[in-house]
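Okay, here we've got a single chain as structure tokens, the form predicted on its own, with questions on binding and movement later.
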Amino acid sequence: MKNMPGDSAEDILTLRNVCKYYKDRKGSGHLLKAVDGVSFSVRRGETFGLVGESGCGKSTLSRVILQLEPVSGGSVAFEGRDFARIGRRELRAMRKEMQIVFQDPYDSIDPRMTLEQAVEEPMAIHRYDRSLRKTRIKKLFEDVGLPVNMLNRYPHQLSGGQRQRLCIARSLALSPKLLVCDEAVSALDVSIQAQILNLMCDLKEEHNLTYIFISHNLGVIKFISDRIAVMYFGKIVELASRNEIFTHYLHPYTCALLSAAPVLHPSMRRERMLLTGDVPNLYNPPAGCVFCDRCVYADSRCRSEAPVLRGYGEDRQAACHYAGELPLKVNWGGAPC
């Protein structure tokens, strides 16, 4: 299938006005807009960070990207192929090229399988040559830092970090091009997080991977990402390179996220931008900007007119009527007490 119009050869994934709605279980007819009009592209070989507070739609978006859940509107295209225009058989073949690492490594592994069986399972499903599987599994164990003498162990015999290494090995079993990491290190201790993040950086180079890395931890996102999208209430409110997001952000919500992040050194402090108001009702979002009820800069225009995600210079976007005009100042590194 030909590339979608406007796709760049360097883009491996393209989302256009993607929506995911759920019906109210009470039968009221209202729709819960978990993801609402999200558009962005992921470049081949980059790490695309997706950050936002819990409940903003990050994980739902990841499942839509991987077609674990169908889209309610818009389009998702992988290497120019729109998922809505391909059959089930072609989609099954494409799944080899897109894999996911979930947040909880224990819940995403069958406890009845040995480690070897867990990594072999995707290769068996896609009918890899049985004679090559053993060699492939041993190589993957070495790549992720697991001893090969653990092949016959079970998941409950591993530590949390080892289980996540196993999940990463399994996600690489089919040699994917795109790896979605949904809070892949949030369930781990800080020291283990650092090890897994360094491992993922090494694997990216060795296996020519492209990452979508989802997290609510700004420190993790800053460490691993090339470009970052900030998500709020099902929408992308800002998208820019890592340096731009942390030094020249344009959206008040981005500023609030940065100000809420903990400062690591006890002699440093950071000025807080405190949010007012309440989180919008998921079934009855505001008519204007979804952030207007919590934004100290909101005016009548914000409450009546929804801002669109517009470009502000090269590779930089924000969804705010007054982007670049507001006095947003937060020192990410902190200032001496």
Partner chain sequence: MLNIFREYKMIAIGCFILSVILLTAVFAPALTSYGYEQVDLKNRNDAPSAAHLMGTDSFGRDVWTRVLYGARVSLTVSLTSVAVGLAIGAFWGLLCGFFKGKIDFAVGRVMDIFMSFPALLFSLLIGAALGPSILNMCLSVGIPLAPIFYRVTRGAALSVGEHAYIASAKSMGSGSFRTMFRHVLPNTAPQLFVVLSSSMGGAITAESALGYLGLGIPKPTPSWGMVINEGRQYIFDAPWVTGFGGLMVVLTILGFNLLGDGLRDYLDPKLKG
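Please read these numbers as outputs of a predicted model, since none were measured by experiment. Positions refer to the first chain, counted from 1.
Another form exists, predicted together with its partner chain; not displayed. Remarks below refer to it.
With the partner omitted here, the residue from Leu68, Ala287, Val296, Val308 that has a non-hydrogen atom within 4.5 angstroms of its partner chain in the predicted bound form is Leu68. Comment: its partner chain is not present in this chain, but in the predicted bound form one of Gln193, Ser215, Thr210, Ser108 has a heavy atom within 4.5 Å of it, namely Ser108.
Contact check for Glu121: a heavy atom falls within 4.5 Å of its partner chain in the predicted bound form.
Using a 4.5 angstroms threshold between heavy atoms, Lys204 stays clear of its partner chain in the predicted bound form. Although the partner is absent from this view, Lys222 stays clear of its partner chain in the predicted bound form, with no non-hydrogen atom inside 4.5 angstroms. Remark: Ser175 does not count among the residues lining its partner chain in the predicted bound form, judged by a heavy atom distance of 4.5 Å or less. Residues with any non-hydrogen atom within 4.5 angstroms of its partner chain in the predicted bound form fall in just one of 72-80, 142-150, 166-174, 241-249: 166-174.
Annotation for 122-150: interface residues with its partner chain in the predicted bound form are Pro122, Ile125, His126 [heavy atom within 4.5 Å].
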